[in-house]
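Taking the form predicted alone, here's one chain by itself in structure tokens.
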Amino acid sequence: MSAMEQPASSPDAAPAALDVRDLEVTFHRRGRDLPVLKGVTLRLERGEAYGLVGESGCGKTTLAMAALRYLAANGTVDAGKVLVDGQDVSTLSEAAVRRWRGKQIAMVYQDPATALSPAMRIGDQVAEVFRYHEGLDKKEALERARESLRRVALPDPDATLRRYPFELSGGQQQRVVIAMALAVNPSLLVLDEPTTGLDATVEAEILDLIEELRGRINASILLITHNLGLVRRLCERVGVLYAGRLVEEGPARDIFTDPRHPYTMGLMRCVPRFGMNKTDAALQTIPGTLPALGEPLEGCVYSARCPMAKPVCTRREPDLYAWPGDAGAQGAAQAESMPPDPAAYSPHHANPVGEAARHARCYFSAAVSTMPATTPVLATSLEERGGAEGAVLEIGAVSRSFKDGRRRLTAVHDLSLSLKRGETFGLVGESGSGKSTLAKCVTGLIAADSGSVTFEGKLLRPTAGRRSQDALRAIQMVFQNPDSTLNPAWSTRAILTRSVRKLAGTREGSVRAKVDKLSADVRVEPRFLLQRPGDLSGGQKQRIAIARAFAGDPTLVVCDEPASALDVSVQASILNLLVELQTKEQVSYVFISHDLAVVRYISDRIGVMYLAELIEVGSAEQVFNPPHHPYTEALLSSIPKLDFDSEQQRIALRGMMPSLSEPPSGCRFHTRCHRILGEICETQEPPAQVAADGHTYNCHIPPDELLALQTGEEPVAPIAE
């Protein structure tokens, strides 16, 4: 039966926070109708958190925009309806919609740069929410805005109120957007990739804030994300969207521990498990790409990419079958025969109130647990990559500061490190710790105030404009956002051709062959070389950016958050690509990321930065196992994991990161440290401690004592209020 025909809820039952019924949405572009959502039905109860996952282009954000009546002018709702708190949103007047948004339903967008007005100060934008929805005067609204910024752990709220969006980092901008969404305690909060640009510690604090809101006013959450760990932490139920179809739905624990759709299983296998390293195995990926909008599809929408597909899958689309408790016994017969018996697998379109049943749009759900996996290809060890030959990069006592009005901010302070040939050095730490500033000093995008950068035994000039052509070719960078680094007016072939001519010194007759090889190395199909960046997906654009970085056969590539904004499936392919290129070309990487599981996977060694200083360095295994710096311990405890059976005690970093213009005396971490010893930490700089395994960290606590504390023999000391 359809959603419109399903049994009605009890007359006394409260309406659902969000009730989407058989929703179909189409975009109209250049005379073509492009269906995006195809009969999607889901129900979000009051106080419930529902995670909606799937690759970019599956229709997740379109569903959210339809719920808020924010569809673009070329988008139409062709069928179905959306009810919020029992109210059909299509019947609201424009004035009612304006009052309703923000007060009852609010949204946090993925890209804060487009959600904030570049012409207004942060304080005015946050205060506007209170003035419009609560009628406060300017002074009261600004005070409430200041408090909102404190709630989302923004450092120096008073200074932030006076700044414009472009003066904040991406993570800080996102915290401002979250503060605005939470300002007046909406009953339904739609989060569209809300923590993509945030550090693990800030992400955990934001989740705590969202959970506190849920508990205080019984708010409902619709979480749209590619971060499966985030869904596991926050959500009770999960829906998996693919090509506009809801292909699986059920309780989060069941979905993540026992997927019943091949696409869900594919997503789960893409995620680097905590503690996994590239020398263990390659990450699993999902072959192929999403079908293009408007592409005619027969049968199951996932059949073209599914390793379990059989002829019936391409002929007839399966319903969203309810999953019976004893279905496992039918798995073998199901995998070898025709579709399941309708008596056992009844088509289902919406959960009745209170029902926690599972549903999967697949004929062979019982056999998904046996779905074949691709054969992993192991990366070679650092020694096999030539890492024992010596340092390719040496950074000696580098410092860099900036002016902020009358204040001087020291972003990198007296930092030294070395990088071997063929090695990946992972750099982690919160936003504002100095990671990207250090990367720009290495690549010559900015000049260091003091210190030296030596590459292959030769001292480098401070800026790229003064460096030799060989140095420019040998040191390249891959940025987080390829949209800001690829010329939107050029075809991707033209972009790569220019890079080859500039960097490789290739003769004209060989340029085309070099471009074709680069695109093949990063697995970009030839047809995409004729398109502009705006016509490519995020993963395809990032592959072009990587190809461009390798145009001159570099020795060192600095990767600044190269996969943080990508879907888990695309992220896995990008990480595998970087590992493959490293193994083949013996290239060295400086890899910057806030995703510690990704850093653990790809890195040979890891450095931890806090407040402009490098406070811990060691192999990936050493840094991730006790004893480690208390700051590293807090970072690791904040990582959202997919394991439902292990209890995770998070160490909350109380307070905000101090200002770079006035760093604390003694140990810079002592103002937030859960293991502070007292006056010695407040007045004396910590010594470099050497653990038994050889890695180093800066702390007053000796390795044996720290090991005892971190392995549970001693309780975590509370921070004094």
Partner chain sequence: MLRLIGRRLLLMVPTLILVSILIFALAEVLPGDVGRSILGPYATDQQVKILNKELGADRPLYERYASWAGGFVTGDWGDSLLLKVPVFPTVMKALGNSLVLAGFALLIIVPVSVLLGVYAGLRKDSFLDRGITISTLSMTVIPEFVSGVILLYIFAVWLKWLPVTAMPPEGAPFVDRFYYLILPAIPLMFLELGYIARMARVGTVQVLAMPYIRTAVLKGLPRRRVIFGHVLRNAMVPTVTVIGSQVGWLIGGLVVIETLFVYPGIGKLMVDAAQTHDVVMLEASVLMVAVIYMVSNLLADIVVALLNPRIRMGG
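For clarity, every value in this text was computed on a predicted model and none was experimentally measured. Residue numbers count along the first chain shown, from 1. If you superpose the two forms and keep the largest set of C-alpha atoms that fall within 1.5 Å, you have the rigid core.
FYI, the form predicted in complex with its partner chain isn't displayed, but the following is about it.
Screening Pro554, Gly229, Gly80, Gly102 for any heavy atom within 4.5 Å of its partner chain in the predicted complex leaves a single hit, Gly102. For the options Gly86, Pro118, Gly215, Gly457, the residue carrying a heavy atom within 4.5 angstroms of its partner chain in the predicted complex is Pro118.
No residue of the trio Gln172, Lys641 and Ser659 has any heavy atom within 4.5 Å of its partner chain in the predicted complex. Only one listed stretch (358 to 366, 596 to 604, 201 to 209, 130 to 138) carries heavy atoms within 4.5 Å of its partner chain in the predicted complex, and that stretch is 130 to 138. Its partner chain in the predicted complex comes within 4.5 Å of no heavy atom belonging to Gln649. Although the partner is absent here, Ile676 lies well away from its partner chain in the predicted complex, with no heavy atom inside 4.5 Å.
By the criterion of a heavy atom within 4.5 Å, Ser564 is excluded from the residues contacting its partner chain in the predicted complex. Although the partner is absent from this view, Tyr164 contacts its partner chain in the predicted complex, with a non-hydrogen atom inside 4.5 angstroms. Residues of 60 to 86 placing a heavy atom within 4.5 Å of its partner chain in the predicted complex, in sequence order: Met65, Leu68, Tyr70. With the core held fixed between this form and the one not shown, Thr61 has its Cα displaced by at least 2 Å.
Fitting the two forms on the rigid core leaves the C-alpha of Pro259 displaced by under 2 angstroms between this form and the one not shown. Once both forms are overlaid on the rigid core, the distance between the two CA positions of Ala115 between this form and the one not shown is 2 angstroms or more.
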